[in-house]
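Given next, in structure tokens, is a single chain: the form predicted on its own.
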């Protein structure tokens, strides 16, 4: 069979590479060798042919006239965006010469990679790059910006990222969407819930903002940011009091239920109401609905974990299904992530053995602080699959660091991003449609192989090829840097230390395109917690200075800032991806600030007017939407917008760069601000 790139006219299979839990199967329509249409693959068992607008319009991004097609070298000031084209050979020579100088002066630790999952393909996101920086001995990046706090919290309770199978959710009778705008960020979860609703299921949404998902719910419950653990503990209080718990399940599958029952005495509905802003009668109604409806499933969103107490919030909510025995029921339980079912052979892919000695680890949420550090300074930054000048917290500090004249920065991307404008060398990247890769989903249970469907755009190169060139130029002789992308896939799916990973060959994956994790072992019988059971009482938490029982922990106070500020995702961007695309900007229109009518009236703010939002870190100016979409004392904005045309709308100038209680996670949603009319 010919490669898909050789198909001039026809339909070829693909998979969505976006950082999204749905990981859709795609069909790519080609005409005269170009992508002319993208649609969902109806044969995919979970996504079944439905895709979002972001992917549907991806062709416009691939062939955008602003897309980079050649390496560039900076000729203007940092941040100015003035560059001239150079050859790949010149670019590689410049990078390796500068790095050899820095290594001689300050050691390899003065070099730092900065990357995330702008492309979720495992080979391009964590393959040859990891091998290269391990061998180089560079500083290591702790990639904690997204889901680590919640995943860590869930693991303390459940032993790992193991959640309810979406293919079982047709049986679910109650869906609680907790801190997730599923319509925009997990659309197939919402589609499954709506389909189940036709058979009598109920959809409850708990969130800080009545967004699109909240508007589609049977019952929307607004909550004060950072108080979700208190609500879960209040529900537990009622479940125990009214004997709505499944005692045999607690006896057989958990430890600490007696301690938990005594502990939640303190979380009576009145106390919880004062903390959360939810009426007492609603707390009773929610607990009783949850305690009397089976199977019930809690979809735990990303929003919850982006708080100072984000790990504990997710750890607490993840205890609820155990109280009512939902894990034994088809379609019951919870899902934060199911990536544990598809953990592949990361050591074979990333080759940590190439690192000759341990080096410092820098939390990516603290990149602003790290770039301004005077002791053992970072002298060079290599950015790929991320755009820290927009997406990192406390971004004014980040930009101050990126503007350092003594910082040698390389950016590998499809576009001249906000970060790339600060670079010394910019390298053009291929899109996912131009790469070999494999994808391990984080919500459903399917492993996918992707083969290129179009040739590389202009002179763009895949991530792996760039690092092979750099390895050769640096004189690295190991076979690890000569392995092909196909070999990397084979190494990743062979000898996998994971009982759930499908026993699959590269050839079989190539033929079938997607294969499901094995569910031969009952998860509850193989819990990966220290006790081998669901840990309602978790002794391990004491070792990091946190209480062993689920506990509400207040957010960090920020003086003189009366409003809790949440910078949530919007419908048409994916972090900063698509925010530079005219089609998506037109669909999203403009950034807005949602504010409660009481707060607006008190400050003389009218609907549709411009307001100034500020704190000690920075300021923005947005159009305000006044109403009851948020609780008093809370303001919410959606999407990561760049400052353009003198407009101040870069939301991450406002967000704190503290780290969360677990895993070093981000605290984007625990910031506070002032708001005044302009």
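Just so it is clear, the structure is predicted and the values come from calculations on it, not from any experiment. Numbering follows the first chain given and starts at 1.
If you look for the form predicted in complex with a small molecule, you will not find it shown, but the lines that follow are about it.
None of 94-102, 175-183, 452-460, 511-519 except one has non-hydrogen atoms within 4.5 angstroms of the small molecule in the predicted bound form; the exception is 175-183.
In summary, among the residues 491, 409, 302, 337, the only one with a non-hydrogen atom within 4.5 Å of the small molecule in the predicted bound form is 302. Among the residues 276, 316, 296, 417, the one placing a heavy atom within 4.5 Å of the small molecule in the predicted bound form is 417. Relative to the small molecule in the predicted bound form, residues 13, 167 and 442 are all farther than 4.5 Å at every heavy atom. When contacts are judged by a 4.5 Å heavy atom cut-off, residue 190 does not count as touching the small molecule in the predicted bound form.
Although the partner is absent here, residue 145 is a contact residue: one of its heavy atoms lies within 4.5 angstroms of the small molecule in the predicted bound form. The shortest heavy atom separation between residue 620 and the small molecule in the predicted bound form exceeds 4.5 Å. Looking at residue 350, you'd find every heavy atom of it more than 4.5 angstroms from the small molecule in the predicted bound form.
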